[in-house]
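Take a look at this one chain, the form predicted on its own, written out in structure tokens.
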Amino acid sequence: MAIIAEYIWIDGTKPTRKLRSKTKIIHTEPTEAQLDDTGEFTLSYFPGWQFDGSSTSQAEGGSSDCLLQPVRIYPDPTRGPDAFIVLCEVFDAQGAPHSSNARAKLRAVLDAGANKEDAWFGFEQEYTMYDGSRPLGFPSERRFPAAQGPYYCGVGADEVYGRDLVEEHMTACIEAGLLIQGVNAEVMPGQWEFQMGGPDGDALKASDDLWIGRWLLYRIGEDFGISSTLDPKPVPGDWNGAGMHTNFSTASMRAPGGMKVILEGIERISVRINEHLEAYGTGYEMRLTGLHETCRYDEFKYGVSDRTASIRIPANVEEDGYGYLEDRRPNANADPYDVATVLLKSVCDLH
């Protein structure tokens, strides 16, 4: 037998960490303990591995070995049967979590008490597709297309670009078992969004799935000759940036009377502005200008149905009196582990 496993990890590139992956072929037969009750492979079947950390900004050349520890497996829709995607955490040669391992930091916050909150996360991942050096839909014969307006959730070849890739990516996410909730064209030509997480999207599952969703976007883009960027302001001027709006709730927020808990959580968030911005991705100053459906990065406000606020309370949440909040500040290039960590620390009042 031969099992194909794509080992995926997040590197140490600064200021924005990137995805890396390499392929392992496993020839050993699984033991009974490495299969679940339905005969499917469990995580224990996939061994640890190592890589050259000096090539990923995670080690020096004189001591370059870093370790990969599998933490979640998915069927690989890009390769078919007997192929898996293996998400890994990075550890140093001594077996300690690497300093770039944001997932380990999130685990520590959950273990410190945030687990009891039963928090759910939903990430709205915006991205911009490029053909060469120009966003899809930006014609080569002139500098800019028609002003934004008709592109958001649009239809037609004169308004929407890259739908074939978007559809294939959406299908791959479903086949991989990710908690994908939807897709839509965004405000700028060539800009799209997919939503990941939602109900049952605990901090680790929602964040893991988002990273794998990003990897699938890049990998499938190879087949189309299209690259995707998470740049928070891909085109200067009167064009929307790209964010990763984060929907967040705890069990008490979702219970009747939860609006009081939501407002208490927003109050805790409001006094930790810099701590949150540091976790919300590089380049937020270019995107959070107070224009294009944003609040300025150095201001803080919340409001019902207000997309110019730092935090939006959906209209139906106010009507019901319970539900969730949306933090509109995270950039498209933010690390979901970092975003989940800082939200949990603030709302749960952990230090």
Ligand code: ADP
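Numbering starts at 1 and runs along the sequence shown. Since the structure is predicted, the reported quantities are computational estimates derived from the model, not experimental observations.
Below, we turn to the form predicted in complex with the named molecule, even though it does not appear here.
Let me test this: is every residue among 181, 249 and 254 within 4.5 Å of the named molecule in the predicted bound form, going by heavy atom positions?
Yes.
Option from 160-168, 122-130, 272-280, 81-89 whose residues, in the predicted bound form, bring a heavy atom within 4.5 Å of the named molecule
Looking at the other structure, the answer is 122-130.
Is the gap between residue 197 and the named molecule in the predicted bound form 4.5 Å or less for some heavy atom pair?
Residue 197: yes, in contact with the named molecule in the predicted bound form.
Please tell me whether any heavy atom belonging to residue 193 falls inside 4.5 Å of a heavy atom of the named molecule, as the geometry stands in the predicted bound form.
Residue 193: contacts the named molecule in the predicted bound form.
Report yes if any heavy atom of residue 324 sits within 4.5 Å of a heavy atom of the named molecule in the predicted bound form; otherwise report no.
Answer yes; at least one heavy atom of residue 324 falls within 4.5 Å of the named molecule in the predicted bound form.
At the 4.5 Å heavy atom threshold, is residue 292 in contact with the named molecule in the predicted bound form?
No.
Using a 4.5 Å heavy atom cutoff, which residues in 288-312 contact the named molecule in the predicted bound form? It's fine if the answer is none.
Contacting residues: 307, 312.
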